[in-house]
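Starting off, we have a lone chain in the form predicted on its own, written out as structure tokens.
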Amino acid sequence: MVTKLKEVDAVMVGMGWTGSIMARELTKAGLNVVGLERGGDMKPSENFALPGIRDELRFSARLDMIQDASRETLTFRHRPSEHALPMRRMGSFLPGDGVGGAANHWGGQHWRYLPSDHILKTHLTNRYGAKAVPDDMTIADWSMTYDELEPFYDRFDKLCGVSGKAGNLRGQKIEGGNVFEGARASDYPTPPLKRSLSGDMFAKAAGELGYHPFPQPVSNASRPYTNSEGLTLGACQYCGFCERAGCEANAKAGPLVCVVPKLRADPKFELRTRAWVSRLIYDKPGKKVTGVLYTDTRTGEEYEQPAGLVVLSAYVFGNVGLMLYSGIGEPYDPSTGRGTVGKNYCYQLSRMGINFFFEDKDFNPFMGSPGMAMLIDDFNGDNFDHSGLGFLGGVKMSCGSGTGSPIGYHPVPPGTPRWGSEWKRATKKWYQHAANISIGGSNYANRNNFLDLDPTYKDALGRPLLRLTYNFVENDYKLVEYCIGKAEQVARAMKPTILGNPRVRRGDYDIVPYQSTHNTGGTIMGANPKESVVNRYLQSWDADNLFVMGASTFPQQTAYNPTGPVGALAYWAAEAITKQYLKSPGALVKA
């Protein structure tokens, strides 16, 4: 039996970055808000405290803060013609579990997308001609330009206390920052993190080759910082345990540090944990969602929470799944190209690069953070001429140290056995003396990469599992092969004792080893309901009081990590709701 609860003004489905930001903005506007979180509650003072937080086995190997695949997972296949099988353990990507979501275990790399990324299809066709975009590449423009979103990028920067150095301040290019970035209204809230020896060597070599090195922008505060909500972040301790774990110093930005404390103190907000939303209650003729159904995973009891406004603020797979389970929008069909829900799933080309070794350099890789790196953007996006190259897109290229964890980090030169006494000797000899240039590449939408519901397998609630159909395509392979050559050029200029073999990607995508948690698409934004799921304000075309947050709204994925635009879009949509929708409920954009 379903227990029907008292109606509230708004309900958030997921309490990560977007749910927390949206809940905060709506309570400021006077709404009573309920935040539903599938996982448990977390508090930095209890969950991110020493000595327990520096535990690589618990967090990195055993994935303590990651979604439990035995209860909810995906099925996967490379091609539409294949039978999909369930992921029994999270591997290639790691959705979070609990209040704060994946932001609890992110590495903190914080980007704004390039201006050309916001108008990608228009930009590429204008520069190279319409025929330059392959027929099976279903890329699209975002629904807003970089300049329109810039004030909201700025708001999210100031919420997070991002460390970095501006390269384009109000149109003025600044040496030492990223000269390819869009114009910023203000500099980063805090200065860059300390620099590593390997990062400095990379920057020197890249600069001598004519490239433009700059420090990684990162949401690890380089010094104590009080954010726009009046909450204080500590300074980075350079402990090397950022990824897959919380931050002992509260220096790494996240909802639990930057927003949630304010919500906990607000009588207009109620947090309910262990609340697994199964579907939205959809009034199709009325074009609205009347509420949500959720199960309390501690008791098994089912509840209906009526709400005037519903915000999907879960991870990519949660947002797409709930649209499909609830019958909102037309599911995407790759054979016909019709439908939009599940369309344009994209990932990222990650964990590629080149290792190199120096007998006379000590890098101390155990000291630092994932954001303590130097980068070049000369081969990112469309920052270089793609004429005649046979591919579109690019990579960000970085070098630094600070994640030399004892279990996971053991670089050795080519030809070293994978185990045994010789491997141990090589690991001991080269641990302090290895560096790496890493490249992360864009992934542009392809007709045959998508999400839908699996006809065979079900989750713990009895619903069909979400099915992922995804593989790399020729554009991806050519992009990587071209850009890895540029990385090798920089590596050789650093004059290592031993240069490793470039790590390149050919063959089918492997869903087992970790690559990145930068999944995007499935509920994409756009100018009309035939080509997109949400309008420019992230409002569903099919339900006026339903808004969909996060990277599931991206039409494609760039080489950058997606958190920066995810936060900016949350503020963008919140302003549209509070300043437009609440005054006159209904469609904010005419279909």
Partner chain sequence: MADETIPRRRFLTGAAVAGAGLAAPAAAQTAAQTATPAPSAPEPPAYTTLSANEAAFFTAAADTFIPADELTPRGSDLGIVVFIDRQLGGAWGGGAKYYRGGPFPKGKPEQGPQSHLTPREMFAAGVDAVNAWTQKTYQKDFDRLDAAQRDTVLKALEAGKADLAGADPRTFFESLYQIVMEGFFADPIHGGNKGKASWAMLGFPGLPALYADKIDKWRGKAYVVPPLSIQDFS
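Predicted model, so just to flag it, every value in this text is computed and none were measured. Residue numbers count along the first chain shown, from 1.
Not pictured, yet referred to below: the form predicted together with the partner chain.
(request) Verify the contact flag for Gly286: yes if a non-hydrogen atom of it lies within 4.5 Å of a non-hydrogen atom of the partner chain in the predicted complex, no if not. (result) Contact with the partner chain, no.
(message) I'd like to know if Glu304 sits close to the partner chain in the predicted complex, meaning any non-hydrogen atom pair within 4.5 angstroms.
(response) Flag for Glu304 set to no.
(message) Given that the partner chain is not shown alongside this chain, does Arg77 nevertheless sit within 4.5 Å of it in the predicted complex, heavy atom to heavy atom?
(response) Because a heavy atom of Arg77 falls inside 4.5 Å of the partner chain in the predicted complex, the answer is yes.
(request) Determine whether any heavy atom of Arg195 comes within 4.5 Å of a heavy atom of the partner chain in the predicted complex, and answer yes or no. (result) Within the cut-off, so yes.
(message) Within 4.5 Å of the partner chain in the predicted complex - does that hold for a heavy atom of every one of Asp68, Asp200 and Phe241?
(response) Yes, the whole trio is in contact, each within 4.5 Å by some heavy atom.
(message) So if I measure heavy atom distances to the partner chain in the predicted complex, which of the stretches 135 to 143, 489 to 497, 154 to 162, 455 to 463 falls within 4.5 Å?
(response) Stretch 455 to 463 is the one.
(request) Scan Asn475, Ser228, Thr273, Thr427 and let me know which has any heavy atom within 4.5 Å of the partner chain in the predicted complex. (result) Partner contact (heavy atom, 4.5 Å) among the options: Thr427.
(message) Which residue, Glu150, Asp266, Glu248, Asp296, is the contact with the partner chain in the predicted complex, using a 4.5 Å heavy atom cutoff?
(response) Result of the distance check: Glu248.
(request) Could you run down 413 to 452 and flag each residue that has a heavy atom within 4.5 Å of the partner chain in the predicted complex? (result) Residues within 4.5 Å: Arg418, Trp419, Gly420, Ser421, Trp423, Lys424, Arg425, Thr427, Lys428, Tyr431, Gln432.
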